[in-house]
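Here we start with a single chain on its own, the form predicted alone, put down as structure tokens.
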């Protein structure tokens, strides 16, 4: 029985709790969140389970770590490494392994090398492993195309497309892609970096390193998808002329040539959801997942299925490239 402490009970943390409660081999032993509306509540009741888990939410991470003695912490609080650093430090001071959904930590060797080195050192001193993963980054736009190149004699370029009808996603995701904003509001928020998919640079760098390619530069461009018709989700309504979501392109260049291309469309009302990988080389490889990977369910599943690999890993900051590829973990 793997003892899990949940750190952060937003929409993804809530889904983590539900899936953990339904799986053999896992047990939720602690929960941390600073939201006053959640503190003191039983996790089972908070996440809508039909039974209590007899675990109350606490705002005090250090004390909860000491009292519950988890085998691993699942951290779901922020996309930013800087924002989660104090939380990671608390976990590693308690000498507990960690899996997080912090996108910037999925492969931080290029953009956040100094912080990556710091976390790696703390984890090694604590003799535990740290991993950041999810569906994207972590799997569908990096680990999956890397795995597909195992069948290649030669690879010339990698192109990944991810297209999603965002009506099925959680509210924070719909807000992160700018759904419901005017084009002017979108441009302002995009310039601040608050509207975009976080992780393209990390995924591109992971693919390049796995294939032994030295990149000249990486670009990451975001533009709005303007709705031509009225469209609505459970949470938001978008009128014609307003923003339904984003179109984002990340490109890695080698010797001035685009060699890794990640294209993402996430907007309310997309006519088809799918994920595809095209590997130009010998042989040519084309893969398409009809309907696409369901972002929220897949994120939770990738994280939880990676836990056994993290517990068996060497100490330090790991990635989906350095760990054995995870698979479904039944717990028995």
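Numbering follows the first chain given and starts at 1. Note that the coordinates shown come from a computational prediction; the quantities given were computed from them, not determined experimentally.
Missing here is the form predicted together with a further copy of the same chain; even so, the following discussion is about that form.
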property: In the predicted complex, the residue from 113, 237, 171, 147 that sits within 4.5 Å of a further copy of the same chain by heavy atoms; result: 147
property: In the predicted complex, the one of 58, 68, 273, 305 near a further copy of the same chain [non-hydrogen atom within 4.5 angstroms]; result: 305
property: a further copy of the same chain in the predicted complex: contacting segment from 39 to 47, 60 to 68, 263 to 271, 293 to 301, heavy atom within 4.5 Å; result: 293 to 301
property: is_contact(residue 19, a further copy of the same chain) in the predicted complex, heavy atom dist at most 4.5 Å; result: yes
property: Residue contact check: residue 8 to a further copy of the same chain in the predicted complex, 4.5 Å heavy atom; result: no
property: a further copy of the same chain contact at residue 310 in the predicted complex, heavy atom, 4.5 Å; result: no
property: is_contact(residue 34, a further copy of the same chain) in the predicted complex, heavy atom dist at most 4.5 Å; result: no
property: Output flag, 286, 289 and 323 jointly within 4.5 Å of a further copy of the same chain in the predicted complex, heavy atom basis; result: yes
property: Those residues of 30 to 46 which, in the predicted complex, come within 4.5 Å of a further copy of the same chain by heavy atom; result: none
